[in-house]
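Only one chain is shown below, in structure tokens, and it's the form predicted on its own.
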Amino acid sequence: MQNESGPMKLSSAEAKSSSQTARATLVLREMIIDGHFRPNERIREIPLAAQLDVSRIPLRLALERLAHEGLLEIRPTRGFVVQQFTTGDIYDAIELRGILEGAAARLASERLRDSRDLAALREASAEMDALLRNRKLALEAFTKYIELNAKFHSALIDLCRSRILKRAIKQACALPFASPSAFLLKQSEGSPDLFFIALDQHRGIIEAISNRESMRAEFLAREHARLARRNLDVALDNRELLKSVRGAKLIQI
């Protein structure tokens, strides 16, 4: 907030409430994704507030944020209820992310100021390539790959130089299955060749942006997002793999 004399500072009570809301949102999101609550289960606010050691108002704000993300649903007679997702829901979320990241890649190519701005993309891609030179990778290497993949996608979104689009992509990735790294860990066991396809697509996206081929950059980014659908299909075909996918308990199979 701001008045004529400058920004207004939050009171100590307001700052405490804001801190409680942020903490409650983070903890509750993890609880939902990790299956602490069953799909369609009603969130009981009084015992949950005691469990999280927060007051009711910050908890209610946290619940509203998670409803906005799509992890909870607000029902008139039952309050906040944990969402259940069909495979169709997940496919739609992945498709939406692909559309938005495609737009980001197109804008990145159109707004590129200097080829040196691609350094973060190139660095992440090169490090992933180095990790995958040996097809028999340990779990630690795959975990590192996931971190680098997240950096690649973050750098791509930064290049589009659009706060609005960045916010929309963050919203689309809020669901536990829609983010670029949602199923990568289990993909390493189910279909490792998809990693090499992803790397080739990364290189193509970088090349298209560098050459300012906006339509090609958009197409490649959208096609790249579709790998997440193939990752999901691999997980769904192997129930043992699916059990260890975060958020799997929320999927209606």
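Worth saying up front: this structure is predicted, and the values here are computed from it rather than measured. When you see a residue number, it is the position in the sequence shown, counting from 1. Whichever C-alpha set is largest while still superposing within 1.5 Å between the two forms counts as the rigid core.
There is also a form predicted in complex with a further copy of the same chain; it is not shown, and the following applies to it.
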Q: Let me know the one among 81, 93, 159, 124 whose heavy atoms come within 4.5 Å of a further copy of the same chain in the predicted complex, would you?
A: 93
Q | Contact assignment for a further copy of the same chain in the predicted complex, among 38, 68, 212, 203, heavy atom within 4.5 Å | A | 68
Q | Contact flag, residue 222 vs a further copy of the same chain in the predicted complex, heavy atom cut 4.5 Å | A | yes
Q) Heavy atoms within 4.5 Å of a further copy of the same chain in the predicted complex: does residue 165 have any? A) yes
(Q) When the contact criterion is heavy atoms within 4.5 Å, does residue 111 count as touching a further copy of the same chain in the predicted complex? (A) yes
Q) Taking heavy atoms and a 4.5 Å cut-off, does residue 103 contact a further copy of the same chain in the predicted complex? A) yes
Q) Based on heavy atom distances of at most 4.5 Å to a further copy of the same chain in the predicted complex, which listed stretch, 47-55, 195-203, 212-220, 30-38, is the contact stretch? A) 212-220
Q. From first to last in sequence, which residues of 50-66 have any non-hydrogen atom within 4.5 angstroms of a further copy of the same chain in the predicted complex?
A. 57, 60, 61, 64, 65
(Q) After superposing the rigid core, is the C-alpha displacement of residue 211 2 Å or more between this form and the one not shown? (A) no
Q) Is residue 78 one of the residues whose C-alpha moves 2 Å or more between this form and the one not shown after the core fit? A) yes
